[in-house]
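Just one chain follows, in the form predicted on its own, and it is written as structure tokens.
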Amino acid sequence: MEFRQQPEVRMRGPLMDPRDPGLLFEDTSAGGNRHKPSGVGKGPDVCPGQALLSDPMSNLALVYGSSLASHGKEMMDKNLDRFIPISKLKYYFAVDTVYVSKKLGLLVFPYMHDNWEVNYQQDTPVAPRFDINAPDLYIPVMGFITYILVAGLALGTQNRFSPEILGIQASSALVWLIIEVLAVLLSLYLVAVNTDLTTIDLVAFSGYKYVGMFLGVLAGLLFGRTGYYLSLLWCCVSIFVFTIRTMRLKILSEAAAEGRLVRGAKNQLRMYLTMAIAAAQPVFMYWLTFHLVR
């Protein structure tokens, strides 16, 4: 049997270099001469984030989301300010060292003070640091905190201190303050008093008694029960006079504020209400402190 020799396969043309610039099409006849396409002529790599930002729909979604967030923040601030007037609270903390020292002296010794009217500027009361008669929340808050600290010290000297008892002391003082303010608001509504007193004003006036309370407890720690009773008695009389002279300008009529004879049943009720608010301060001062001194 004869085997025929395979004829030699001839190439149609010479083997061309793929890197030859004159080559129009890549020669795919030889499998080993395939090469990777170069990066010439291709644009720069685009990050996914840039591609997302360049999409018009993505930009529209971002704008809509930001506007929705700003609208939600505006609605939240509006509803929050309805229940907690944060913008008004800044007024009650606009105090300085001079105001605090003068107001503390007025709370302890109010007998020589003559002008009790609050100053106004374009129908708006001036900041407390410019008017000693303006109500503030700084002194009531600091007085409350100091009263709780002195109460804890008094309980510690009697070996009765515990976090639970101190918490009960603080919560009871706060609850009585809330009850007092709500009772005054209800009384003003029932008597139909047309006054510019706000709820924050009532909290401020009711909170001034904490100054006399911690002074009484501190005197009891230093000088015993005799010092406690003498100091508390002085502070109770002072806060009574302070409350009468302050609240009468807010509750009583203009004629009563000027010192003329009060006439009419409505003005009589307003006068009794003012006296009741002032008389309640010493009662709370004694009720919340007598058990701290032994």
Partner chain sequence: MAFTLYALIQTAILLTNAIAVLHEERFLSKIGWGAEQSIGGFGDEPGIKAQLLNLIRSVRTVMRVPLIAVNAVCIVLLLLFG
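Please read all numbers here as calculations on a predicted model, not as lab measurements. Numbering follows the first chain given and starts at 1.
In what follows, reference is made to the form predicted in complex with the partner chain, a form of this protein that is not presented.
The candidate spot formed by Ile168, Ala192 and Leu269 lies fully in contact with the partner chain in the predicted complex, as each residue has a heavy atom within 4.5 Å of it.
You can rule out all but one of 169-177, 110-118, 135-143, 97-105: in the predicted complex, only 169-177 has residues with a heavy atom within 4.5 Å of the partner chain.
Residue contact with the partner chain in the predicted complex: Leu186 places a heavy atom within 4.5 Å of it.
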